[in-house]
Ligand SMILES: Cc1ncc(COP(=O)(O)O)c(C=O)c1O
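Shown here is one chain on its own, the form predicted alone, set out as C-alpha cells.
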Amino acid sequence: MQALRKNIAEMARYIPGYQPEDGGWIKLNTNENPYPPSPQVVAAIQAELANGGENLRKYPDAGSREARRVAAELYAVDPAWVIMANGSDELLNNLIRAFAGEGEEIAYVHPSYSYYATLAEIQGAKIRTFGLDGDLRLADFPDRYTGKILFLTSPHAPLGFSFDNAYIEELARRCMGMLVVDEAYVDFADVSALELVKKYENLVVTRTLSKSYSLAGMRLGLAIARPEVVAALDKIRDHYHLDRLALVAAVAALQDQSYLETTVARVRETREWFAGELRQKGYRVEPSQTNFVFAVPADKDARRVYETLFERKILVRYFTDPLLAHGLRISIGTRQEMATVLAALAEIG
C-alpha cells in the first residue's frame, strides 16, 4: 500500500509466545505466574462492578492518581516520580517517542527483549545492539555512548541473571542519553536499580505487574523516573490509557505486599529445586533471578527437546536466534507442573 510509511511496510512484526486455543497444556512459555493474583485484587474488581456495573459507564481517572500514590508510597518516592501504564510495553514505546526522533539511535543488549527493536522501527529510530562478554558485561560499549536511549533488561531475559548496581551506575555515567533499566522480573531478584533513580537524572526504571503480581491479563506497568521525565511521558500517553478495572486492580495488588512476598517465595523455591533437578539430568542451567530458567541440554539440541515437549502438550520457549537456539527458556510453574516437565524430560533423554 503506497500510503504506508516505508519503515512500517518493511518491518517485521513482533511474535509473542504461542498461545494455545485448546486446554490441557502446561504453559511455561510466556513467564506467567502460576498462582492467581491477590484475593484483594478480585474483591476490588468485584466492588467496581457493583450496582450492575454502574461505574463502567464513566471514564476512569485519566491521571491514575490513586495508583500513583500507592506506588509512590511503596517505593518511597513522591507521586511526581511515578507514572502508571498499560503494561510496561507502553512505557518502552513512549520513552522512545519522547527521547528518540526519526533517524536517532537507541540501543539494547542482544540477546534480550526483542520488542525494543520493533518499537524503535515504528518510530523510525536507528537500532544498535551490544553483545555480552564472558563476564556478562556489554561488549565493546563505548566510554561515552551518544545514543538517545540504552535499554538494559535486568534481570536479563532470557538468560535470567541481574546486572549489579555498580555496573548500572557505570553505564549511567557513560550514557549521554537515557538509561532505561527494564525490571520486569525484579521481584524475583535480589537486587534492584530503584535506589539509583534519584542519583542519576538520566536513569529510568520500568516495571510490570504481569509477572510477580499475576496480572498479565490486566496489562499494567509503571515507571519511576525524575518528575520532568514523568511529565514528558504524561504528555504523550493516551489520555484514558488505563480502564477502571485495571486501576483498582493495580491499587489492590500493590497494597497487598504480604501476598506478593508469599507467591514470589514459592516461585523462587520451585525455581531453585527445578534448576537443581535439571542439572542432575545433565542440563546446563544459568543462575536465575527471574521466574524462569534458561536451560541447555547436554547435546545442545534444544529444538528437539522443545518439539518433543510440545507433542506432550508442554509449552516452553524456543528461540531461533543463533545465540539462543542451544537452550530453552522454561517458565516456573507450580511444583506439580515442574515435576511433570522433569518426568517428560526423563522420557525424552
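All residue numbers are counted from 1 along the displayed sequence. Keep in mind that what you see is a predicted model, and the values were worked out from it rather than measured.
Another form exists, predicted together with this ligand; not displayed. Remarks below refer to it.
- By the criterion of a heavy atom within 4.5 Å, Leu92 is counted among the residues contacting this ligand in the predicted bound form.
- Proximity of Leu220 to this ligand in the predicted bound form: non-hydrogen atoms within 4.5 Å are present.
- Proximity of Pro111 to this ligand in the predicted bound form falls outside the 4.5 Å heavy atom cutoff.
- In the predicted bound form, this ligand lies within 4.5 Å of some heavy atom of Tyr185.
- In the predicted bound form, every residue of the candidate spot (Ser88, Thr153 and Ser210) has a heavy atom lying within 4.5 Å of this ligand.
- With this ligand left out of view, the stretch that reaches within 4.5 Å of it through heavy atoms in the predicted bound form is, among 210-218, 121-129, 103-111, 68-76, 210-218.
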